[in-house]
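Here's a solo chain for you in structure tokens, the form predicted on its own.
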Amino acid sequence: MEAMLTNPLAVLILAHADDKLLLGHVQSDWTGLGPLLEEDIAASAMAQDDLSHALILYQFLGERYELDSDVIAFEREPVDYMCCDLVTKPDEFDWAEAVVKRWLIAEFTGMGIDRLSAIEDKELAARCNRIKPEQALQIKHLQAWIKRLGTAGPESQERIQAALDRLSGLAGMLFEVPGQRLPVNDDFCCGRDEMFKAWDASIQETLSQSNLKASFALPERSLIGGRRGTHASHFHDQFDELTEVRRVSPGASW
């Protein structure tokens, strides 16, 4: 486990896998509660996709480091999970906030998986290329919802804009440098600024088509949050729920 947690590439993969695992867990709460039947099904499907994508990445790491993928997923200490705290922030079953949160994360993840698929590792590229089409569908679906809610009328626009206002200040932490055991240096941070600019440009393009506004800031490299093991309380609540079966029945598989 230590070798995996101190390898920069493995840490980047874990950050995306942990985002997917926790997001799939959190967003599955919308199953049966979507505002219409089609979206009820879509919310459940996206949550299942996220869990499947997490497994694909955990299995890659498990094979490289001779670890059980379930051990990676469920038996690390909380400080060694690298998900952004935006992922586990409760939406209080506010549909506008749930859509905005998923969209901001999906755009980030899509770019991250694209980058991992370009690394000169054929096995990693193959696994990321399995994820990319489903991730692209999520982004397309969520962009359509942002545009729909932003242009549907005054009440809808007000609600989606309020959700953006609440979340925009947290979204930059998606780009926090992961891995509390690794130094924050230029080699490990390579491409971070460029990725943020590309993400922000994509977000702003959708917002401009939706009569919505939001501004985002890239946090300083020294800022410490969930990706470096200092999680908000809502992460610990979700983590305890997520790992309950594993703790009650050691060795159980998902």
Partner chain sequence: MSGAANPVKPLEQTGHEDPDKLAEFEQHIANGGLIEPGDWMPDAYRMGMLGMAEHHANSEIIGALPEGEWITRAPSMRRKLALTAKVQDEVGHGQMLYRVSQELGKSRDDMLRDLVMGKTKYHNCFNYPAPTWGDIAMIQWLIDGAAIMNQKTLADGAYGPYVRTMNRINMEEAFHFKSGEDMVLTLMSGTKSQKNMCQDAFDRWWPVSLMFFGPADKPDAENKPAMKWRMKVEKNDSLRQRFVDRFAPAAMDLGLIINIVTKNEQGLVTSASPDEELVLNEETGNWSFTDPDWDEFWRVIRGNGPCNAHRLSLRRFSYEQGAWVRRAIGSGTTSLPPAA
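All values derive from a computational prediction rather than experimental measurement. Numbering follows the first chain given and starts at 1.
The form predicted in complex with the partner chain exists for this protein as well; it is not shown, and the discussion that follows is about that form.
- Contact check at 4.5 Å (heavy atoms) against the partner chain in the predicted complex: all three of A45, A96 and S249 pass.
- The shortest heavy atom separation between R148 and the partner chain in the predicted complex is within 4.5 Å.
- The closest non-hydrogen atom of F74 lies within 4.5 Å of the partner chain in the predicted complex.
- The partner chain in the predicted complex comes within 4.5 Å of no heavy atom belonging to L9.
- When contacts are judged by a 4.5 Å heavy atom cut-off, I160 counts as touching the partner chain in the predicted complex.
- Of the candidate stretches 168-176, 114-122, 140-148, 77-85, only 140-148 has residues with heavy atoms within 4.5 Å of the partner chain in the predicted complex.
- Among the residues A217, I224, A198, I41, the one placing a heavy atom within 4.5 Å of the partner chain in the predicted complex is I41.
- For the candidate set L212, L61, L51, I203, a heavy atom within 4.5 Å of the partner chain in the predicted complex is found for exactly one residue, namely L51.
- Taking the partner chain as it sits in the predicted complex, the stretch 21-53 comes within 4.5 angstroms of it through a non-hydrogen atom at L21, H25, S28, D29, T31, G32, L33, G34, P35, L36, L37, E38, D40, I41, S44, A45, Q48, L51, S52.
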